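Coming up is one lone chain in structure tokens, specifically the form predicted on its own.
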Amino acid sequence: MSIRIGILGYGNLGKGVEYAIAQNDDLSLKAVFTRRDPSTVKIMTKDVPVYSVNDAAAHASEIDVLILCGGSANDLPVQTPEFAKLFNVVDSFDTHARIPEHFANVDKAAKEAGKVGIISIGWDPGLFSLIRMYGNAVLPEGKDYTFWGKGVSQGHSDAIRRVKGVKNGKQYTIPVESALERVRNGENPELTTREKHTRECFVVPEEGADLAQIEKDIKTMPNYFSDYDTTVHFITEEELIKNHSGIPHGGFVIRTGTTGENNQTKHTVEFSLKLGSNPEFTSSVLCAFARAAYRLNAEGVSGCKTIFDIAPAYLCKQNPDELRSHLL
């Protein structure tokens, strides 16, 4: 029997989940829930219904795991605890500073309902978090470094589009290569925000807009660009569509450490990702953890979990014998 999956939210992430389900023969899509008019949402999978989010409770018995594909700023802090009262849930909540608060809210709701809620699943937080944990466990004398990019930051791209005179835009986060090399060389540098990453913006201005003012407003924007060396390129809408329509991303997690007498032996652990599509890869991670949520709940587990709490075997459709034979 396949694990019955529901998708809440059908943007880039929700579509990615649908693609990922199609690649896993032990998962099946049973329903999509949307805040839009369901009649306007066209999905790829034949004979799968699209319902209003307001009707989700009526379909709780038909779904084993609900994958939440909303945003971390406003959607998931409300949706995940609410739907954990009805479903096993998985989300990609990525506001690092608020994860403890989000965990507590989901844990309370899921335990009361006898459900499993797995939060902050993706690649950062998510897989990168796990690598940082392994690095700290194995090399207690050491230092963590995380670099993001080159890739599109959707939040920063949205910030660009809010600037007066901007019609459209895309922003890339780029690691500073010299800083990356210093870390890989085991120098253990103390790096400022500006020294680790640069930001590159491709902006389509409105007709007659003040380009100098747009560039100034972007470069001085607090919390987004003011702490970084930022380059602004003005391009046409056609160029943006042709050259910047994708959503690539990726990055590096590096743990440098020492062992031995007087800590003289140096080690470097590095994990990297180069993603053609940020939402499609994140969706694939979400589906693997949906499998884990279902299995844990079938064993009688309830409450909130993070990537730190789940054994890797729960993510794979192969049984333990197959894993030991082929992957160990």
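These figures come from a predicted structure and were not determined experimentally. When you see a residue number, it is the position in the sequence shown, counting from 1.
The same protein also has a form predicted in complex with a further copy of the same chain, omitted here; what follows describes it.
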item: Contact residue in the predicted bound form, chosen from Pro100, Gly114, Gly155, Gly246 - any heavy atom within 4.5 Å of a further copy of the same chain; value: Pro100
item: The unique member of Lys242, Arg184, His233, Lys167 whose heavy atoms fall within 4.5 Å of a further copy of the same chain in the predicted bound form; value: Arg184
item: Non-hydrogen atom contact Leu130 with a further copy of the same chain in the predicted bound form at 4.5 angstroms; value: yes
item: Glu141, heavy atom within 4.5 angstroms of a further copy of the same chain in the predicted bound form; value: yes
item: Residue contact check: Pro312 to a further copy of the same chain in the predicted bound form, 4.5 Å heavy atom; value: yes
item: Touches a further copy of the same chain in the predicted bound form: Arg194 (any heavy atom, 4.5 Å); value: no
item: Per-stretch contact check against a further copy of the same chain in the predicted bound form, the hit in 223-231, 100-108, 202-210, 170-178 (non-hydrogen atom, 4.5 angstroms); value: 100-108
item: Residues Ser28, Ala31 and Gly71 all lining a further copy of the same chain in the predicted bound form, heavy atom within 4.5 Å; value: no
item: Residues in 245-279 close to a further copy of the same chain in the predicted bound form, defined by a heavy atom within 4.5 Å, in order; value: Thr258, Thr259, Gly260, Glu261, Asn263, Thr265, Lys266, His267, Thr268, Val269, Glu270, Phe271, Ser272, Leu273, Lys274, Leu275, Gly276, Ser277
